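Okay, here we've got a single chain as structure tokens, the form predicted on its own, with questions on binding and movement later.
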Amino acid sequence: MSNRQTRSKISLRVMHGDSIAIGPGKADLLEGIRDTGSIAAAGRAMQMSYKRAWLLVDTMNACFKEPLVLTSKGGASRGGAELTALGEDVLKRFRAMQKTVEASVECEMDALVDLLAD
């Protein structure tokens, strides 16, 4: 694979009105929350402020019928976050959609990448 091909990619986003309900970055954030139990830690791992991570979670929670992420208050025992069953399902479906899209456009993407400037 050439350097051009490794720099080029197709991106999938699911819009709900004017909001991005889920996209690659939000899916990465959901995985980080699932793996760390923390919005702050997931955001830090992505070089993102806590405020930005929280806003993304808030948007996702507002776009779906039920929240994707549940949070617990801080205090002496510190707070936390976890994916709901719906959050796990949305993440799994989005990752499957990404694979399907990438596979279905592979030939056209290769041809298009060949037309890109070096």
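Source: prediction; values computed, not measured. Start at 1 with the first residue shown and count on from there.
Note that the form predicted in complex with another copy of the chain isn't included here; everything after this is about it.
Engineer: Of the options 27, 40, 86, 46, which one has a non-hydrogen atom that comes within 4.5 Å of another copy of the chain in the model of the complex?
Structural biologist: Selected residue: 86.
Engineer: At the 4.5 Å heavy atom threshold, is residue 64 in contact with another copy of the chain in the model of the complex?
Structural biologist: Yes, contact at 4.5 Å.
Engineer: Test of understanding: in the model of the complex, would residue 90 fall inside 4.5 Å of another copy of the chain by heavy atoms?
Structural biologist: Residue 90 belongs to the contact set for another copy of the chain.
Engineer: Considering only 47-61, what residues come within 4.5 Å of another copy of the chain in the model of the complex, judged by heavy atoms?
Structural biologist: Nothing in the stretch sits within 4.5 Å of the partner.
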